[in-house]
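Shown here is one chain on its own, the form predicted on its own, set out as structure tokens.
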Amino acid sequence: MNNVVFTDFELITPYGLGVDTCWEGLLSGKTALAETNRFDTSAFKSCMAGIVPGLSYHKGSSVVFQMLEKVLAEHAIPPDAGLLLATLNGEMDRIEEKVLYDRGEPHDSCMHELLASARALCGVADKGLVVSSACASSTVALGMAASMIRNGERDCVVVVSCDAVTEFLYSGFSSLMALDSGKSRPFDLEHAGLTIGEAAGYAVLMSEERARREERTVAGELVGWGMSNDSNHMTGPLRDGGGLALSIEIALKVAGIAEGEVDCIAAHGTGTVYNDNMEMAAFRQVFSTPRPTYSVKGGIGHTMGTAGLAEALIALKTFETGLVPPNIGMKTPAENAVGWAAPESVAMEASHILSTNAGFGGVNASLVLRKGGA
């Protein structure tokens, strides 16, 4: 069996460019969420968003392409790597430009166009594949990449993910009454909705044998992955958390570990009442005792299809530093989160971290990461 490891990776978030930049922002306890003037929000429930600084909107390249240019400016992606592009909406601002200003053509926003751009930026020969599984997209893509490597189909796959804050996306979540009127507060007693954010990043997954042979630095392992579907509602999750619990159990089985070996949980934690309650119900079904549980969305917002990749890369920092980041925005944990989620960081030498994500259509996806050498 081929062990799957993380080698090269990078991330851009509302905190700025770099995994370390995001990590330092989260540990500071200060949110990167703020009022946005990217478009008029007066008709919406909220004016808050997580915006990456220094990007232009409706002026040339799409927001996601600008982010990808930054994160892929310097990379160590082998040219023979397989390519998976994970995104929810891709270059939706290209469609907005056509509708609002009659610039460009509708096909400019097609996913295959963004895939071609990602392929060129990565410098790989593989034609690639788009993975669009709602807000679990990059989690699903990481699991697919790991499966390909473990099964011997590939010995190296790069997962690229990106999603941007656009008026289209913002208006959609506002119409669903899913936005917090302020800044999102995952697992807080007064959680009232999500705040949309944007991010882009990539991760190179490689067989441990190839990584060692090429003397690449190993940041951690991806040892388990699982998926399920609620088949419950177009947007709402199964209230009892049974669907997510199933994906966690599958991931633990693939990883070959018991629930007691998971040290902490990088949760989806959107800040909506439905999601947060569902997740806590799922965790209580799987785990016999509480685990330190956190969401990065109080810091960077809900970055849609890129949420899972951001979680995984931040989890690698927990392995490196022995710290579990805080739940930014939390003042008092919700009743069902007491003993699990906390407003401050926690010191912990973690060996295994569970990462969970869920999305519209009932999709659930879970990953188990292991510390390198653990």
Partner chain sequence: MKIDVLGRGWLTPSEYGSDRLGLSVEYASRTTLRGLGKEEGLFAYPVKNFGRFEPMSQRACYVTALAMRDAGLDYSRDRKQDIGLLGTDLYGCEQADLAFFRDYVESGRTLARANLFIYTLPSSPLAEAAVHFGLQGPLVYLRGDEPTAKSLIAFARRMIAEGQAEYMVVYELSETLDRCLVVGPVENTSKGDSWNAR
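Small disclaimer: the values here were computed from a predicted structure and weren't measured. Residue numbers count along the first chain shown, from 1.
A second form of this protein, the form predicted together with its partner chain, is not displayed here; the remarks below concern that form.
Engineer: Would you check, heavy atoms only and a 4.5 Å threshold, whether residue 363 touches its partner chain in the predicted complex?
Structural biologist: It does: once its partner chain is placed as it appears in the predicted complex, residue 363 has a heavy atom within 4.5 Å of it.
Engineer: Hey, in the predicted complex, does residue 207 get a heavy atom within 4.5 angstroms of its partner chain?
Structural biologist: Judged by the heavy-atom cut-off of 4.5 Å, residue 207 is well away from its partner chain in the predicted complex.
Engineer: Taking any heavy atom pair closer than or equal to 4.5 Å as contact, tell me whether residue 202 reaches its partner chain in the predicted complex.
Structural biologist: Outside the cut-off, so no.
Engineer: Using a 4.5 angstroms cut-off on non-hydrogen atoms, would residue 133 count as touching its partner chain in the predicted complex?
Structural biologist: Result yes; residue 133 sits at the interface with its partner chain in the predicted complex.
Engineer: Just to confirm the contact call: exactly one of 214 to 222, 264 to 272, 278 to 286, 95 to 103 touches its partner chain in the predicted complex at a 4.5 Å heavy atom cutoff, so which is it?
Structural biologist: Of the options given, it is 95 to 103.
Engineer: Check 72, 116 and 182: does every one of them have a heavy atom within 4.5 Å of its partner chain in the predicted complex?
Structural biologist: Spot residues vs its partner chain: no contact at all.
Engineer: Here the chain is shown alone; which of 246, 257, 121, 77 has a heavy atom within 4.5 Å of its partner chain in the predicted complex?
Structural biologist: That would be 246.
Engineer: Just give me the single entry in 189, 125, 192, 129 that has a non-hydrogen atom within 4.5 angstroms of its partner chain in the predicted complex.
Structural biologist: Among 189, 125, 192, 129, a heavy atom within 4.5 Å of its partner chain in the predicted complex occurs only for 129.
Engineer: Could you list which residues of 142 to 163 come within 4.5 Å of its partner chain in the predicted complex, counting heavy atoms only?
Structural biologist: 144, 147, 148, 151, 153 sit within 4.5 Å of the partner.
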